[in-house]
Each structure stands twice: as C-alpha cells, then as structure tokens.
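Taking the form predicted on its own, here's one chain by itself in structure tokens.
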Amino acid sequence: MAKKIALIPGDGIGPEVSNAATSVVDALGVKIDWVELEVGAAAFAKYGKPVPDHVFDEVKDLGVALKGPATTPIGGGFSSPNVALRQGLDLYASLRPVRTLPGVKSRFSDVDIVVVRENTEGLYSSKEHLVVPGVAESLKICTEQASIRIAEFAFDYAVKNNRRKVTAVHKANIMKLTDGMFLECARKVSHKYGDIEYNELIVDNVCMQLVIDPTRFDVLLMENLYGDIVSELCSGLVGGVGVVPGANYGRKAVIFEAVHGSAPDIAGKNRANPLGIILSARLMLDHIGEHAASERLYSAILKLLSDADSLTPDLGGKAGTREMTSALIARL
C-alpha cells in the first residue's frame, strides 16, 4: 500500500523544487500518495491565515510532511508560517545535518556537523509586543521541560547515529537565568549518556571556532535563535543552504523541509537548485524505513555532483531545475 505523506509546496520556487523532490522519490519506486496542502502567501490570501487550521489537522493525521520554502514578509504582513507550523504542531526539535559534498565548492573538505535546535521557545518564538510608542519588547522564554526534551533528543540522536560528542551552545555568562537553565538541563541529561562526550561553549566563541576549524564539532545543541543563526553559518561552510537538508521533529509529526528561502526573484524561471529539498526527502525516506532507497538516492546525488553540466548555476553548472532533476533520476 502507498503511504500517505503531506506535501507542502510553499511559495516562490517552492512548487518547482517540491515537484523535483516528489519526482525523484517516485522514481525510486517508493509508493507514496502525496496529499498537497497550501501554506504561505497564497493561503493567507485565501484563508486569512498563512497556515489554515485544516493544514494542522492534516499533518497531525498523516504524521509526516515534506515542505518547500514559504514566504515570510519582512517587518509587516503576516507572521512566519514556519514558526506557526512548529508551534502549532509542537515540532520541538530542528535537525540540520551539515556535511561536505564532493563536487560542491566550499572552503572546507571534511565538515560533518549536526545542529540540533530547540524549536518552540526563546526569542525566536515571536512573543513580542509594543510597550508604548517607540518601545517594543520581545520575551525570551526558557522552560525546564523544553530544555530537557531537546537535550534528550540531541543525545539520543548522537547514540543512534554513532556521533561522539554533544556541545551545548549558550550565552549563560550574560543570560544567567534563561541560558543558565538550558545548560543545567543539558548537564543533567548528559549524565545519562556516559559514552557521549559533553562540553559547553559560548555562542560567539562557537561562531569563531566554526570558521577556524569546523572539524572539532560533532553535534551542536542550542536554543532557538542561536540555532537559526548558527545553522546558517554551518551551511555556509559546505556551500550554502541550497545543499543542506532540514527536519522538524515532534512527538506526533515530522516535517522535512528545504531550509532556504522562497527566492521569488527566480520563481518560475527553471533556475532553482532542488538539491536541498531532495536531501530533506532522503531524511524522510530514512524516517519511514526506506533505507535502501535513501542510500540509492545519496549514491545518485554524489554521481550527479561530479557532472557540472547537470547542475544549476549556483552549483557552477548551466542546467535548469527540471534538467538537473532528470539527470539525477537517470542516475538512480
């Protein structure tokens, strides 16, 4: 029987790269019945919400979704559909594996880092208001419950994936209560995992160390806003967000997504690189137990990256989105 999985194409280049990913998965022979759902600008125009209520219900029911990039207006407009999905579905753990890919130009040749980010609290959770005209306030919330469960997620991931070390990233020298609580919880959890090395580093030092020698890091554990920033920095070490997958895990649902933006300036022009969401689809295949298909896909991606003529312009080639997708399918 075909497994039902939600497909959220998103905005801008989202439909193009999402179609590329589903085409590749279908070509692998994995039987999936894609249930398409609408979020972002088009959904806001139609329903008055960037994420309609029925989308939450459908993703909860199906348990797994593949998502393209969704537009979030800067400053005004509607709130982030990405944040809405994470909070509404309690997708508390963001996972971003960052790994050097042969054939992708970057400054380092042996990066292999996993960023684990708490996804529901902190400054990134959009709890802000106007105090008086000219004075805005943003609240950073940190709870023991959320800090414990994200630390457990990081250590469990390390054990299951043969990782050697977890580094808790913080600013507890300044934010002594919030980041201090986060560290206390990470330390408490670390005691249960004696085979995994544990250490702590201040976030600004982590950023500096990453650009000097990223090979010293393995699993990075951090709160929401730090995770958003550091994961982008790590992506830059291996060629950018266009070659990095992402996933957001909850107890009842998981969304695998492209981590780049919706790039409206090139939407519909057959220029978008689909590799990010295709790699996210590979994480999805592993999640649903299709490990052989996942390995076939990764092997085909490595072969594809050795052929510059089959790559999109951002990867040094001249191919379009559709042509790159066809070239990948031909290598499966």
Ligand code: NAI
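Note that the coordinates shown come from a computational prediction; the quantities given were computed from them, not determined experimentally. Numbering starts at 1 and runs along the sequence shown.
Note that the form predicted together with the named molecule isn't included here; everything after this is about it.
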inquiry  = Considering non-hydrogen atoms and a 4.5 Å limit, which listed residue (A146, V259, V230, V189) is close to the named molecule in the model of the complex?
reply    = V259
note = If we test each of T72, S125, T100, T178 for a heavy atom within 4.5 Å of the named molecule in the model of the complex, the one that passes is T72
task = Just one of 292-300, 50-58, 64-72, 26-34 has residues with a heavy atom within 4.5 Å of the named molecule in the model of the complex, so point it out.
result = 64-72
query = H170: heavy atom within 4.5 Å of the named molecule in the model of the complex?
reply = no
ask   = With the partner left out of view, is A272 within 4.5 angstroms of the named molecule in the model of the complex by any non-hydrogen atom?
value = yes
query = So in the model of the complex, does A41 come within 4.5 Å of the named molecule, heavy atom to heavy atom?
reply = no
key: Proximity of N82 to the named molecule in the model of the complex, heavy atoms at 4.5 Å   = yes
query = Three residues, R86, A263 and D314; all within 4.5 Å of the named molecule in the model of the complex via heavy atoms?
reply = yes
request  = Just give me the residues of 1-40, first to last, that have a heavy atom within 4.5 Å of the named molecule in the model of the complex.
outcome  = I13
